[in-house]
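Given next, in structure tokens, is a single chain: the form predicted alone.
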Amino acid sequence: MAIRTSIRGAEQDSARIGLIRRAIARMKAVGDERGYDWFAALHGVSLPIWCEHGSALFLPWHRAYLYYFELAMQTRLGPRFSRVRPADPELAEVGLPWWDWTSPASHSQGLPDAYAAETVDGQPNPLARTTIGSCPGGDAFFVGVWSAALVDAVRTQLEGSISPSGPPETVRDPDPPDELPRAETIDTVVMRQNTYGSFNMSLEQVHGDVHVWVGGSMSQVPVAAYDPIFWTHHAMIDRLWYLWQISDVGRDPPASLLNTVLAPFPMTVADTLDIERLGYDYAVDAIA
């Protein structure tokens, strides 16, 4: 079972953060449906647009999205979303870390060091930025929908969301750290919602605030998932949903939604409701 820990906790363990970097770097070297670029494009570039925002499917769709991304990190994912034996046993149970943007550390320094550092041991940090469309050799090229014309259109119409010239890369423009969402907001507003609909909407609003706070690529849906911080941000969102689910006020989505398929993933809303069945769990704060 994969145990998802806080990124601040993972930073204290060089082996753990090393596995996370290695998993992301491996995905960036894969050009098929197990690859980083393929997953990132699913969020808002490929047609039809699959991602759910502003709807009751926001939380379950993104849980399915993270679930399959994590399987790819673990080298457990084959073409067409089939489960396979891990090709790299050391990565078999690596979990997505979560970024607690409400923590004192985040309100002091903003982005976690593991994602902010440009280099690690003299090499480019795979958690700091992503070249959109990268082949195993590391050279940039345009893949799938990322034609030169689309890159030009994004640079013109979504100015500041990717690098202004050369191979398209993710960029960030974070606001002051203390402008991140506060723990009090989560505890006294979001976590006290007593219907699934109100909780889903309330948490999505906070989620959007963090996207805007990071700025750059994260502030625009078509390119947000190319920034590696996207995945640890959404792990935090998923964790908060899980904590709400097991709280006294937690409720399942309406029965009318449970059989809704979360395309393009072969999962329904009902399939996402038990994270233990999905094979992952969240570390408690004391050991995170």
Partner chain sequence: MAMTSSAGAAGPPTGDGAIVHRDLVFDLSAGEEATFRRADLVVEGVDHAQISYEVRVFLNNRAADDTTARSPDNGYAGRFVVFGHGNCFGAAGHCDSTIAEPSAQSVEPGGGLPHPLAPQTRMLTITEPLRRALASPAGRLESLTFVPIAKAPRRDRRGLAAGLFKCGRISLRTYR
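Nothing here was measured: the structure is a model prediction, and the numbers come from that model. Positions refer to the first chain, counted from 1.
What comes next is about the form predicted together with its partner chain, which is not displayed.
Can you tell me if T170 lies within 4.5 angstroms of its partner chain in the predicted bound form, counting non-hydrogen atoms only?
Contact with its partner chain, no.
Indicate whether its partner chain has at least one heavy atom within 4.5 Å of a heavy atom of P104 in the predicted bound form.
No, P104 is distant from the partner.
Quick one: does G216 come within 4.5 Å of its partner chain in the predicted bound form, counting heavy atoms only?
Yes, G216 lies within 4.5 Å of its partner chain in the predicted bound form.
Please determine whether S147 contacts its partner chain in the predicted bound form, using a 4.5 Å cut-off between heavy atoms.
S147: no, not in contact with its partner chain in the predicted bound form.
So, G78, F81 and A270: all three within 4.5 Å of its partner chain in the predicted bound form by heavy atoms, or not?
Negative, none of the three is within 4.5 Å.
Using a 4.5 Å heavy atom cut-off, which stretch among 86 to 94, 67 to 75, 160 to 168, 115 to 123 contacts its partner chain in the predicted bound form?
Careful reading of the contacts points to 160 to 168.
Going by its partner chain in the predicted bound form, which residues of 161 to 185 come within 4.5 Å of it through any heavy atom?
Going through 161 to 185 in order - heavy atoms within 4.5 Å of its partner chain in the predicted bound form - the hits are S161, D173, P174, D175, P176, E179.
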